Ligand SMILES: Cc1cc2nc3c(=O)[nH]c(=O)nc-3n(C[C@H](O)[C@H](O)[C@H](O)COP(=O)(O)OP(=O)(O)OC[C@H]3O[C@@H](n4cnc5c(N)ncnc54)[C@H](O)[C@@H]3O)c2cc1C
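As a starting point, one isolated chain is supplied in structure tokens, in the form predicted alone.
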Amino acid sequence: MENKAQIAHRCLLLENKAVTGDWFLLTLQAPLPLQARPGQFVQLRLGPGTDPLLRRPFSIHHEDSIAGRLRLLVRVAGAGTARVAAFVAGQEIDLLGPFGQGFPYPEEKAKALLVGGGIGMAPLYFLAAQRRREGLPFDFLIGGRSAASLPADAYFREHRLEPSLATEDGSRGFRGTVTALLEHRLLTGPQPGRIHACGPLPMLARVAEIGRARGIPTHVSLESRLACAVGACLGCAFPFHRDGAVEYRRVCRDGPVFNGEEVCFES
């Protein structure tokens, strides 16, 4: 799906709810459906002035096109995201999008494994909910440092999702990283048709390595600082393998979802 011209939306913030730790869930009422795909993102303006000048990108956590509602899952990691976490219900939010190439999906009938590291679960939740609605098989694996760093089970029940959880300290679910849980799942269950992943780069590198070793097509959603979101500034360029050489692609326009086999994680 190619990026379209920038579409501006003035959305009403219906709710800004603390989820766990420094995670916040924003529910927005859009004037018209964004018709987003899992893996795409939007750009939020943080205030009426020019400080900060640039918008901030956020993965689409879920969209209900019928109700015109959009959800964004935000983790506070700096001044910009702290400002978003302080938004209050009733506030008008200026956003652009959706942008980017999402996860390939839907015609595939084979089971997919969705692997999220921390806040990387955000776009995968959208993908899982769509697959659930359309009757497509999948397993959803989510990893975090501890039980306190992940949403409670009730958070997933709205869309009848029951992810397998991994925590590094063993306080909830599988003891270890989400990539260790992925390896365990592949050893004990049938091989999936595809792996979709989002999370920190080291985690994605390991997921791509696991997929390559087992001959499983793997797609990864890369995180990057995005300025223009349309591929003009080249600030999000990332290296990829191509025909024995290295080429750079734009995360915002060519991604953020890519074939994991092609990403130069070693750079």
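Residue numbers run from 1 along the displayed sequence. The model shown is predicted, which means the values in this text are computed figures rather than measured ones.
Just so you know, the form predicted in complex with this ligand exists too; it's not on screen, but the next bit is about it.
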item: Interface segment, criterion being heavy atoms within 4.5 Å of this ligand in the predicted complex, picked from 175 to 183, 69 to 77, 145 to 153, 89 to 97; value: 69 to 77
item: is_contact(Thr81, this ligand) in the predicted complex, heavy atom dist at most 4.5 Å; value: yes
item: Contact test in the predicted complex: Leu114 vs this ligand, heavy atoms, 4.5 Å; value: no
item: Heavy atom of Ile119 within 4.5 Å of this ligand in the predicted complex; value: yes
item: Phe240, heavy atom within 4.5 angstroms of this ligand in the predicted complex; value: no
item: The single option of Arg206, Arg37, His62, Arg56 touching this ligand in the predicted complex, heavy atom within 4.5 Å; value: Arg56
item: Proximity to this ligand in the predicted complex, single hit among Leu226, Ile210, Leu26, Ala30 (heavy atom within 4.5 Å); value: Leu226
